[in-house]
Every structure is written in structure tokens, then in C-alpha cells.
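Single chain ahead, by itself, as C-alpha cells, in the form predicted alone.
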Amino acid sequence: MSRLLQLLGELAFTLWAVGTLVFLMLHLVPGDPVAVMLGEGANAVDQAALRAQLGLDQPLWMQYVHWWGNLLQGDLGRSLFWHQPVAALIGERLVYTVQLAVLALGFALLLALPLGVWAALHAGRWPDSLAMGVSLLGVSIPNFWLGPVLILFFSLWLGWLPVSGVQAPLAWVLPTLTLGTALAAILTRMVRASLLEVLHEDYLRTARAKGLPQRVVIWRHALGNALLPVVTVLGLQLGTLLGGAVITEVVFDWPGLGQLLVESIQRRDYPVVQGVMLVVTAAYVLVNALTEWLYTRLDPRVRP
């Protein structure tokens, strides 16, 4: 119970700090949403009328208090550009971001687990060097470069996969590869390092002495304990993915939170940007809390 209260307190403080920081940055950085909506040629009377309609003519502290007052009632406000509730907009886009994050995570695990185990079992030899080289390459390639290269090769040259969109099943392939490659590289190195630490433990020698096959010793006994540090990294990376892979979504015109965030920043749509950042922050904190809970279930030694 005390841990739950502590988690709720941390979540509330984090949301307040992030919300306040985003609010101040949006309102203090030069730029006027009214000018974006009406265009630079609009007369001063129309601009003043729209600014009053949107409540942007109020003092900054009053806008801040009004926003938090609505937020405490569960109201994220209305979009200045789309004229829709912010919660509805986020709900529509969040589905695509979560689906993409889950696919990228699945791809990363399918690639990282066998590759990391292979590297650990051949430590110091050419398979290890090859696996670590591939891993280093995956970590080093940024999404904004990998995405266009995949589009150029698989979409424009070969014509196998669509460039963007979410309707066709094959449209999910390139964003998943782009988003999951770096995560797979990180997890591969973690699996290798963790597995090397447990390969010479006494309980594995006992398992081998009982005549268990090597695959059973590795995949059932060794890997189960080696995955404990990997779970922590996995939770942190999943929080990052759920936070909206902004670059990947922009490159592939993916209708997720990242795309919504970029569009809203360009249009100076304050309520949407603030709402997206709060949802991203909450998702990150909750995923980390879930990771901590899962870690205690996997390793009883760290239970309070």
C-alpha cells in the first residue's frame, strides 16, 4: 500500500513538473497560434476576437490556473486547430503508437535473444565479433537515416512495400524495422553480457552433470536468470517507444502520437501539445513501475 501511494505521488509530481515546463515553454517561446490559424494577412480586429474566443488574451498565470483546473476534472481541453476534445484526438492516435511499439518490441526480442545467446556461447570467436558488430551498427544508425534508406530500397527500387499508411498489413513492416532495430541492438548486447555472467555458475554445472541437453541448460536455466537485467532495460526502452517514436512516425507519415505532436507544435496548438506530453509522461512512469513490479516477481531477492 505504501509503495502504491509513493508511486501515485511520484506520478503526480512528475505530471505537474512536465506540464508546467511544457506550458511555460509553449507560451514563452515566440509564436502566435492565432497568426497561424488566420494567416499573417488577417487584420488586428479578427485576431483580437479569435484570441479572446480562445482565452489567449488572459494573463499567463490565469491561463495556467484555468488549464490545471480543467485538467484536475479530467478535461484536457479542446484543440485550437481541430476544434475537437484533446482526449479524443489522443485516443485516436494512441492506438497506432501502441501497436507500432508492440510490433517493434516483438521484432527486437525475436532478433536479440537468439543473437545474444549465439554471441555469448561463442565469446571471443568470430560469431561473437559478428554479432557485436551488427549490434554496434544497429545502435549507431539513427532512425531519421534508416527510415528513408529502407523506403528507398524496399519501396522505390524493389517496389515490395508501401511507403506510408497503415491500411495494408505490409505498411507496418518498414516502421517496425526502423523503430525496432536500435532496440534489438541494445538488447542483444545486454543478453550477451548477462548470459556470460551466469554461464559458469554452479547450478549450470549441476544441470550439465545431470545430463541435461545444452539447449535446455541454456534456454531454461541460464537464460531465465540472465534476463533479469534485460527486463529493466526493456522496460525503459518500452517507455521510450510508447512515448511516441516521433522521427519514425514523421518519416512514414504514421498517424500516431509522435505525428500528432509534431503537427501540433507547428500549429502552436497548445492544448494538444500539453495533453500529448502528459500522456507520454504518464505512460513512461507507469511502464517503469510495471517493470519494477515484474523484476520483483522474477527475482524474489529484491522484494521488500
Partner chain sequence: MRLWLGILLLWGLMAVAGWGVGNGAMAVQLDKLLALPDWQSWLGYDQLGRPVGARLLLGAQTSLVVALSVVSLSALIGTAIGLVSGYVGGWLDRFVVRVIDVFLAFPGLLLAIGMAAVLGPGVENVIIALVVVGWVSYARLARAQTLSLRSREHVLAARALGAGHGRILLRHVLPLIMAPLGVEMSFGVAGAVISEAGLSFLGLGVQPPADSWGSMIREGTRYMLVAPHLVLAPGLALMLVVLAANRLGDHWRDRLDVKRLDG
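Residue numbers count along the first chain shown, from 1. Keep in mind the model is a prediction, meaning the values are calculated, not measured. For the two forms, the rigid core is made up of the largest set of C-alpha atoms that agree within 1.5 Å on superposition.
Keep in mind the form predicted in complex with its partner chain is missing from the figure; the text below concerns it.
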Study note, to complete from the structure: Exactly one of Leu80, Ile151, Ala171, Ile218 comes within 4.5 Å of its partner chain in the predicted complex through a heavy atom, and that residue is Ile151
Practice item. From the candidate stretches 219-227, 173-181, 72-80, 138-146, select the single one in contact with its partner chain in the predicted complex, where contact means a heavy atom within 4.5 Å. Key: 138-146
Check your understanding: With a 4.5 Å heavy atom cut-off, would you call Ala289 a contact of its partner chain in the predicted complex?
Key -> no
Check your understanding: Within a 4.5 Å heavy atom cut-off, is Ala209 in contact with its partner chain in the predicted complex?
Key -> no
Check your understanding: Do Arg93 and its partner chain come within 4.5 Å of each other in the predicted complex, heavy atoms counted?
Key -> no
Check your understanding: Hey, in the predicted complex, does Gln53 get a heavy atom within 4.5 angstroms of its partner chain?
Key -> no
Study note, to complete from the structure: Looking in the predicted complex, the residues of 95-123 with a heavy atom no more than 4.5 Å from its partner chain, listed in order, are none
Practice item. For Val18, state whether the C-alpha moves by 2 Å or more between this form and the one not shown after rigid core superposition. Key: yes
**Study point:** Sense of the change in Cα distance from Val273 to Leu11 in the predicted complex - at least 3 Å versus the shown form
**Key:** farther
